[in-house]
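The chain below stands alone and is given as structure tokens, in the form predicted alone.
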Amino acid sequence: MALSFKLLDSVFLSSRCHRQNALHPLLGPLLTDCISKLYSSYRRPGTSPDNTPPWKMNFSFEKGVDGIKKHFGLLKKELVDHWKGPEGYRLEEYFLEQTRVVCEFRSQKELDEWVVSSDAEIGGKSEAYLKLGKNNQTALLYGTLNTEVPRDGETGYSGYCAMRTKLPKGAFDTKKYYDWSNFNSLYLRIRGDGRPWMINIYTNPYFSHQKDDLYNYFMFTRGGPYWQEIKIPFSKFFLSSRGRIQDDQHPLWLDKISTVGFTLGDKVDGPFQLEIDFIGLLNDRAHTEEFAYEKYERNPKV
């Protein structure tokens, strides 16, 4: 009998989640707290679970109206851009484009498109902050790295700080991604403190088991007061999943780019800073390499 009640309860919660997932684009601003509690699965080790009933939601009619206006505005912009051409560019501009700036940092609004994280989310002691640089022309990521492992009995390592762009969403929270297939290199202008960083590119996965896949490459900063201009071909990026380099490598999917980010985890305690002027794309005609790594057959023919 108890098993029957448990199965019925799980079916009820599952159907409830599917209904809310369908209504989320329209009622998302109204039901933000309720939906986040239903879908958030991570809980830091050592903390007690949140047993607040999901029906105790924070209802806001004003936010709901603002959200509907926002989504219809995005829908209008998408239709206009689609009529103009790919990603809102005219066809001649799209096919002849050699460079493109994808991220600049000239206002707080542009900084709000980024997410800053650290091991503080799992109980660590690292700190990371993001603000506008001098003259409001750059982004300054700074903080303190601390590799002390949380004493919760479960976490095995700590000591990282990161920043990445938010997942792009279209009208009514539909999935959106960027097409960089006309370019073959990432171009950055940065100023660091001598620490090595990791550049991470996340692509829209075809299957759910690929949701943790990232394409990575190293970025070494010189330190000092001078700016660096770094060009990294996309053919150099290698595939990893949950921090582990994969044996089965394949080139970066340039037509399904979702986010780009930076991670620091060099196991050196102390302060750090990274200043970014812009992030751009480059079509280097002198670069002809398609993929820098060998691709092995799992079951080679005998």
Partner chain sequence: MNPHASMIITLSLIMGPLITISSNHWILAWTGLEISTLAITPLIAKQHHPRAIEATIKYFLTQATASTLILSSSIINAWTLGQWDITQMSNNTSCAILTTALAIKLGLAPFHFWLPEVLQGTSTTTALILTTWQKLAPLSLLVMTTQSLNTPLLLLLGLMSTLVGGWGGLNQPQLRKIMAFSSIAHLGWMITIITFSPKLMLLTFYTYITMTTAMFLMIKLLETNKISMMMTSWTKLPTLNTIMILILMSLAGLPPLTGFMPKWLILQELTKQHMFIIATMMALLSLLSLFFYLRISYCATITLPPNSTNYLQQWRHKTNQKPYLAPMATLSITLLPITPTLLTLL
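Quick caveat: nothing in here was measured; it's all calculated off a predicted structure. Positions refer to the first chain, counted from 1.
Keep in mind the form predicted in complex with its partner chain is missing from the figure; the text below concerns it.
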query	finding
The unique member of 97, 148, 193, 127 whose heavy atoms fall within 4.5 Å of its partner chain in the model of the complex	97
213, 152, 173, 110 - the one with a heavy atom within 4.5 Å of its partner chain in the model of the complex	213
Partner proximity in the model of the complex: residue 251 to its partner chain, non-hydrogen atom cutoff 4.5 Å	yes
Partner proximity in the model of the complex: residue 104 to its partner chain, non-hydrogen atom cutoff 4.5 Å	no
4.5 angstroms heavy atom contact with its partner chain in the model of the complex for residue 86	yes
Partner contact for residue 255 in the model of the complex: its partner chain, 4.5 angstroms, heavy atom	yes
One stretch from 174 to 182, 218 to 226, 110 to 118, 194 to 202 that, in the model of the complex, holds residues within 4.5 Å of its partner chain by heavy atom	174 to 182
Every residue of 140, 142 and 244 near its partner chain in the model of the complex, heavy atom within 4.5 Å	no
Residues in 190 to 207 with any heavy atom within 4.5 Å of its partner chain in the model of the complex	205, 206, 207
